[in-house]
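A lone chain, given as structure tokens: the form predicted on its own.
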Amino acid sequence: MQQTRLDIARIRAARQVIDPVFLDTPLYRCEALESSLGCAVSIKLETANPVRSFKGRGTEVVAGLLAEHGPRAVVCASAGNLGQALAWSGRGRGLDVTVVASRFATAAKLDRIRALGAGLELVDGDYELARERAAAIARSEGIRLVEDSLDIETCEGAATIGLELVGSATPFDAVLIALGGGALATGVGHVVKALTPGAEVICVQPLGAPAMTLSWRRRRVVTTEAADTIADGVAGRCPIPAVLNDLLLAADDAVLVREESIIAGMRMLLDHSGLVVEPSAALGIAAILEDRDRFAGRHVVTVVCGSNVDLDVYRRWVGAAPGDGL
């Protein structure tokens, strides 16, 4: 019988390790969105923290363990958010952090990694090439490789979001979760299925970067030649088998959304919620926009998972002018 790698007891224990600045993030019903979307929508806001994404929950668990028992030097590949989070968590624990990223990654994310004191190496390729380079550095220098989603601590750190959802007074019957490498989706999905089994767990991925969704649908790893999406945080091409196994148990559905729906979701979150978000954070709203009948009359939670954007690019996406205060 297939089993998940995640464990509820460890997830509960993770809350004791994670800096409180990342915990108990706002969860609120956003009525301003509801007339446009046709359903009740609650937002779980994972951007009001020092790294402006949910990733700090997982890196806090990783860095806490390394500070006690592991090597003091670590390397990871990142599209930007994990690198920021590991740099932040490592700095507070005296770890030597190196981040490998694509030189085409969001400039604001790369600048923040540098500002947090991590070493940054850029590769002339996408996230998958950065993963290969990070693994090579770990082998050659004998340091710890932190792999997002494969390292269970990154999933169980993210899963603490699920504990906060099911422990709140906000009733919901579906949760929409951005799907990339899988840490957020498997973590939150596992907790929701275990503790609120009546709620539907729906993972959302861009049509231009569908590898994990295709893998979930076919129940085997499916890789893609390219990833073409503005949602850089979920633009992987090569799913990790162990993470897919966890996702198969945690998700009720996985859907793909178009780029124009992602942009429309970002614009709605700005106009109706006052939130500047990165494309990955708007995937849940995009899913509702593309299938209103499915969600009509339901209460849906969407996890707003990051807000690290280049503002000039963001303005072009949402049609805002510099004078609009962005």
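Note that the structure is predicted; figures quoted are calculated from it, not measured. Numbering starts at 1 and follows the sequence shown.
Here the subject shifts to the form predicted together with another copy of the chain, a form of this protein not shown in this document.
Engineer: Give a yes/no on whether G297 approaches another copy of the chain to within 4.5 Å in the model of the complex, heavy atoms considered.
Structural biologist: No, G297 stays farther than 4.5 Å from another copy of the chain in the model of the complex.
Engineer: Against another copy of the chain in the model of the complex, would L37 count as a contact residue? Criterion: heavy atoms within 4.5 Å.
Structural biologist: Contact with another copy of the chain, no.
Engineer: I'd like to check something about E260: if you look in the model of the complex, is any of its heavy atoms closer than or equal to 4.5 Å to a heavy atom of another copy of the chain?
Structural biologist: E260 lies outside the contact set for another copy of the chain.
Engineer: Answer with yes or no whether L45 is in contact with another copy of the chain in the model of the complex, where contact means some heavy atom within 4.5 Å.
Structural biologist: Yes, L45 sits close enough to another copy of the chain in the model of the complex that at least one of its heavy atoms falls within 4.5 Å.
Engineer: May I ask you to choose, among R237, R91, K193, R133, the residue with a heavy atom within 4.5 Å of another copy of the chain in the model of the complex?
Structural biologist: Only one option qualifies, and that one is R91.
Engineer: Counting any heavy atom within 4.5 Å as contact, can you tell me which stretch out of 297-305, 282-290, 263-271, 58-66 lines another copy of the chain in the model of the complex?
Structural biologist: Result for this chain: 263-271.
Engineer: Going by another copy of the chain in the model of the complex, which residues of 32-54 come within 4.5 Å of it through any heavy atom?
Structural biologist: A32, L45, A48, N49, P50, R52 sit within 4.5 Å of the partner.
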